[in-house]
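Only one chain is given next, in C-alpha cells, and it is the form predicted alone.
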Amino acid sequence: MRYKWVYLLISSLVLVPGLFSLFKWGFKPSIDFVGGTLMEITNVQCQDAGVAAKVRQIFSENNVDLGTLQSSGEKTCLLRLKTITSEQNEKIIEVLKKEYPPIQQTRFETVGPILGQELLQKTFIAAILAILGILSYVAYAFKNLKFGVSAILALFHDVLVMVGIFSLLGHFWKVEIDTLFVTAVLTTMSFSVHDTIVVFDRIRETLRKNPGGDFETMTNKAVTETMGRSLNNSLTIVFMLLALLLLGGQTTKFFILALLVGTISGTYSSPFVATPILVLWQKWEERKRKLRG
C-alpha cells in the first residue's frame, strides 16, 4: 500500500474525463430508451454476417440509424431503428429489393421505448436497495462497517468508469446505450463486489493469524497472496470477452465491450481502490484514537 495515492491518482485520471463527459454531454440513448420504428422483412437471411453487414450499410447510406437487427424466424428479420417517415421507409425497401429481389416488408410501425421512465426509476431504486443490502451484509460478515463501505465505494468506482467511458464513446463515436448496457452495468456491480470480498476475506484471515500486527503490512501481505488468483480468474474472462469482441456479431459488440471494461475495472478496484480506502480509514481511526490518548 506504499503507492496507494498513485493508485487513486490512476483512478482519477480515468474517472474525471468520464464524469466530465457524463455531466456535459450525457449518454447517446438507443431506441430502447426513446422509442422508434419497428420493421420486419422476410425472404432474407439476416443471420448471415455478410447479409447483416450489407443491410446495415444500406440503412447507413440512407442516413438512418439502425439499432438492432435480429432474426425472428426462418428468413425473417426484425429491425429496430430511429423513427423514420413512410417516404424514407419506401426508399430503403426499394434499395433492399434491388439488392435482395425476393425481400418483402411485412411490418412497419412506430413503437415506444422498451425502458420507459417508470421502469428506469424502478430499476434505479432496485439497484440502490441491492447496494444497501450488499453494504449491510459485508459489514455484518466482516463485523466492521468500513469493509462494507470500502466495497461499495469500489463498486461505485467501477460503475462510474463504465458509464464515463460510454458517455465519451457516445459523444465522440456515436455509440448508443441500450438494454444490454444496463445488463452489463448490473453484471459489473456483481463482479466488483465478488472480487473485493475475496481480497477482504484474505485480509481478515491474515489479521486473525497475526493479532497485533500492523494493519497496512497485513493488508499488503493479503493483497500479494490474492493477486495471482484474481489476475488468473479475471484473465480467463478477459480473453473470452476479447474473442467475442473480435469475432462476435455487431449486435453484441458494445455489450461485450461494456463487460470487458467492467471486468478490467473490477479487477483493478479490488486491490487498488477498495483496499487503499480500507487502509486510509484504518489509519484515520488510529490517529483519532491517539489524539484521544
Partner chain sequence: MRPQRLLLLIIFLTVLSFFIDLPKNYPLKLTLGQFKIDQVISAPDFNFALGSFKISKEIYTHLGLDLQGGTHLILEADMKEIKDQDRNQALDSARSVIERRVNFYGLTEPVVQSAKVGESFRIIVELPGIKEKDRAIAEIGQTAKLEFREWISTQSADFSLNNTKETGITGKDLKRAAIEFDPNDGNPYVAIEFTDEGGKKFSDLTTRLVNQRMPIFLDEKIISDPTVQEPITGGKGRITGQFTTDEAKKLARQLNAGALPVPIKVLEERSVGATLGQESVQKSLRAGALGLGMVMVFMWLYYGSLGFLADVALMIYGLLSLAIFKIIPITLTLPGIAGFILSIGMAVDANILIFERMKEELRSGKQWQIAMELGFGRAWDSIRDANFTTLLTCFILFNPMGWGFLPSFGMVRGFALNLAVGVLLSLFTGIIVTRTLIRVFFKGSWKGFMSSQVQK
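Numbering follows the first chain given and starts at 1. A quick note: this is a predicted structure, and the numbers were derived from the prediction, not measured. Heads up, when I say rigid core I mean the largest set of C-alphas that superpose within 1.5 Å between the two forms.
Same protein, other form: the form predicted in complex with its partner chain, not shown, and the subject of what follows.
Colleague: Out of the stretches listed (200-208, 84-92, 160-168, 97-105), which one is close to its partner chain in the model of the complex, meaning heavy atoms within 4.5 Å?
Modeller: The contacting stretch is 200-208.
Colleague: According to a 4.5 angstroms non-hydrogen atom cut-off, is residue 133 in contact with its partner chain in the model of the complex?
Modeller: Residue 133 belongs to the contact set for its partner chain.
Colleague: Just to confirm, residue 29 within 4.5 Å of its partner chain in the model of the complex by heavy atoms?
Modeller: Judged by the heavy-atom cut-off of 4.5 Å, residue 29 is well away from its partner chain in the model of the complex.
Colleague: Test of understanding: in the model of the complex, would residue 63 fall inside 4.5 Å of its partner chain by heavy atoms?
Modeller: No.
Colleague: Please run the contact check for residue 118 against its partner chain in the model of the complex: heavy atoms, 4.5 angstroms, yes or no?
Modeller: Yes - in the model of the complex, heavy atoms of residue 118 and its partner chain come within 4.5 Å of each other.
Colleague: Quick one: 177, 279 and 285 and its partner chain in the model of the complex, is every residue within 4.5 Å by at least one heavy atom?
Modeller: The answer is no: none of the three residues contacts the partner (heavy atom, 4.5 Å cut-off).
Colleague: From the list 58, 264, 51, 256, which entry has a heavy atom within 4.5 Å of its partner chain in the model of the complex?
Modeller: After the contact test, the surviving option is 256.
Colleague: In the model of the complex, which residues of 136-171 put a heavy atom within 4.5 Å of its partner chain?
Modeller: If the 4.5 Å heavy-atom criterion is applied to its partner chain in the model of the complex, 136-171 yields 137, 138, 141, 142.
Colleague: Superpose the two forms on their rigid core, then report whether the C-alpha of residue 49 is displaced by 2 angstroms or more between this form and the one not shown.
Modeller: Yes, the C-alpha moves 2 Å or more.
Colleague: When the two forms are laid on each other by their rigid core, does residue 65 show a Cα shift of 2 Å or more between this form and the one not shown?
Modeller: No: residue 65 shifts by under 2 Å between this form and the one not shown.
Colleague: By the 2 angstroms cut-off, has the C-alpha of residue 106 moved between this form and the one not shown once the rigid core is superposed?
Modeller: Shift at residue 106: 2 Å or more after core fit.
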